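To begin, one chain is listed below as structure tokens, in the form predicted on its own.
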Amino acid sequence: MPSIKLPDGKVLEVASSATVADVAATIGPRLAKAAVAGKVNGQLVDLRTPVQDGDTVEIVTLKADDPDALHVLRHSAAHVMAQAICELFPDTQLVYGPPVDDGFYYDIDLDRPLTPEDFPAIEARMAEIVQADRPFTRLTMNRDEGLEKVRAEGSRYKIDNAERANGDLSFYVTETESGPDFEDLCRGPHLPSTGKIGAFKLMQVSGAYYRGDQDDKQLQRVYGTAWPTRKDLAAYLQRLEEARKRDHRKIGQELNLFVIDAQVGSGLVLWKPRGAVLRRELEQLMSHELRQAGYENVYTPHIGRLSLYRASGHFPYYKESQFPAMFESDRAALLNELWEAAVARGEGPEMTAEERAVLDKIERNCPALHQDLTAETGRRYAEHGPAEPNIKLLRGLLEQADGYLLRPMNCPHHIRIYTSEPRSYRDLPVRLAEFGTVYRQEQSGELSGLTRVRGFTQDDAHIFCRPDQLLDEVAGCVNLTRKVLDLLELRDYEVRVSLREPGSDKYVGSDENWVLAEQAVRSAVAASGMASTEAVGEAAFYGPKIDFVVRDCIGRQWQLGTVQVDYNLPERFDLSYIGSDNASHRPVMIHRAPFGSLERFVGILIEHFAGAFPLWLAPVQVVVASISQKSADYATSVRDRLAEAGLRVELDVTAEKIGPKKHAARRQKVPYILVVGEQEASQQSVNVNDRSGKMLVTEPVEAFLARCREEIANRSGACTEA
């Protein structure tokens, strides 16, 4: 009989035809009843999936904190929503409907626009399908048979999806007593039946383009959410309401922190004076920690030669998210097009249509370059493709006519600083730090306030070290990130070790280097004592990384700090140092950014604190408000004393009553409001209120100052809201 292994290491014998459901039943009837899916050798599958001898099998049950369970639940809910929409609006063409964070969506092609007014009818039909508890059945066809089926059905979207899929095609059917009821091309997995969908709600509808192509017909994207129970759904909706209150775009406007101006450009942030205070305080915090850890600050330009980013691999690897390269001439731009087409083909024996099209363009628009390319070596290129001598010809021409690129990353610039002088083993580690601004051409529909922008500043640093220093340096980066998150009251986080996907062609470097780098990040995390998970396929293209995934005060998760180990860029740039043996050796490179993007980090902090920042970080720390004009002069002197001591303080001596003055300061989330009247003036004291409206104490100005100094020095203090 086949034997399978359970997550706890136990071995279980099962029948030769056993499925994941049979494994659950063998373990126990309660588990069999609760099971909704399984994981076989780490892959999420349906309960009806057969198991083989030697497989490792895990049973998935519906839990609100289990990502695998929620994935299957929401994928199934998307299927049910698609069925309901198709039944209510028969002209609907389905495109695709995946689960996403906190829910699911389905893109549809329907000439009639859907609105939230349609949601009750769709939800009612979904409820009927769920109540009917219809089984989900998977139908698998070989590729040719499956393609014939979808082509006969005639949906351009399903045909395209099927043609893009690898291997066999699968379809999911919801069954009734009289037979199949609704079918959809889908990889799955799904729940055993529709009745397992506990609670759901449609959330919104928006526009979307098929595969992001703005020249194609606009689709409608219908979003929903699904949870195991009504209680889970209610808790999620409560979190959403809290998130709306904390939306950093709304609070940023109310507190006058930043603006994104259409005339400047979408995704480009203008920091207003109060927002600049937040950013400066974070930069000063990080700069202090970097000095303590032995980093040296550098400054580098916002653009660089295209050849620099070709050498690093950032271009064309990140080409889709980069702004177009800038060329000094049409010749350079056309030559770049030809180079990219040739490299894309690789060592293929025949020239591609893309290459021929570029050559035709060159002949029409740049005869001199065409003449260079039709020299004897160039003619062989045109006739026979990129044999090594012909690629060398193109490379030589390319170096004569290089372009420039808005930098997508800072690391190539720091590498060139490292190479600017000889390095000895005694010089290492070299730690270079910069608040460096980089640029990404994000799609307009993906931009969101500060959290998704086109120009952002990283608290970037690169460490060049000897292999024997690597573990200590990675540990230092991890400890720095933990310290910074703790200071900012972001203490609920988990660590994710991001590794490459074996066999994938999206990574650079040798297998040997990847093994060394992955061993280093795993060892550093283990030495830190932090619990961690591993994410295969999430590594950077040049190396594995340690990501800090932070949970904010309302339960949302954000990927913030990162530490990356890189053996590959030192090799691509031929970096070296002279060792104690007087021979040349290759350093290892570490990329690290505890904040990640300052823009994104500030956006997350605004929402985490709901704008009620701790005293040391608050853009305005104190407001001094006079009760009447009789105490205005004293209020002014108090403001001057606090400002002289270094506090960020504002004065309100308007004729408004004290109640509205305090209310205005609370709306601005100012930590302390000092009320002064004739009595306080006579006693040289201040009446201290916090932003929640609570009166704390009446005390001398110097006593209040001493308390503020201590709170700021310790970066302590409760973040109470008004």
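No experiment lies behind these values; they were computed from the predicted model shown. The first residue of the sequence shown is number 1, and the count goes up from there.
Same protein, other form: the form predicted in complex with the RNA, not shown, and the subject of what follows.
K.L.:
How about Asp65 - does it come within 4.5 Å of the RNA in the predicted bound form, if we only consider non-hydrogen atoms?
P.N.:
Outside the cut-off, so no.
K.L.:
For Gly509, is any heavy atom within 4.5 Å of the RNA in the predicted bound form, or not?
P.N.:
Gly509: no contact with the RNA in the predicted bound form.
K.L.:
Is Gln218 near the RNA? Define near as a heavy atom within 4.5 Å, in the predicted bound form.
P.N.:
Yes.
K.L.:
Please tell me whether any heavy atom belonging to Pro50 falls inside 4.5 Å of a heavy atom of the RNA, as the geometry stands in the predicted bound form.
P.N.:
Although the RNA is absent here, Pro50 would stay clear of it in the predicted bound form, with no heavy atoms inside 4.5 Å.
K.L.:
125-133, 419-427, 156-164, 206-214: which one contacts the RNA in the predicted bound form at 4.5 Å, heavy atom to heavy atom?
P.N.:
In short, 206-214.
K.L.:
So the RNA isn't shown here. In the predicted bound form, which residue out of Ile627, Leu516, Val343, Ala610 has a non-hydrogen atom within 4.5 Å of it?
P.N.:
Looking at Ile627, Leu516, Val343, Ala610 one by one, just Ile627 meets the 4.5 Å heavy-atom criterion.
K.L.:
Which residue among Ala645, Ala475, Ile554, Leu485 has a heavy atom within 4.5 angstroms of the RNA in the predicted bound form?
P.N.:
Of the candidates Ala645, Ala475, Ile554, Leu485, Ile554 is the one lying within 4.5 Å of the RNA in the predicted bound form.
K.L.:
So which bits of 672-698 sit within 4.5 Å of the RNA in the predicted bound form, heavy atoms only?
P.N.:
The stretch 672-698, when checked against the RNA in the predicted bound form, contributes Val675, Gly677, Glu678, Gln679, Glu680, Asn687, Asn689, Ser692, Met695 at the 4.5 Å heavy-atom cut-off.
K.L.:
At a change of 3 Å or more, would you call the C-alpha separation of Asp552 and Val484 in the predicted bound form closer or farther than in the form supplied?
P.N.:
Their C-alpha distance grows by at least 3 Å in the predicted bound form.
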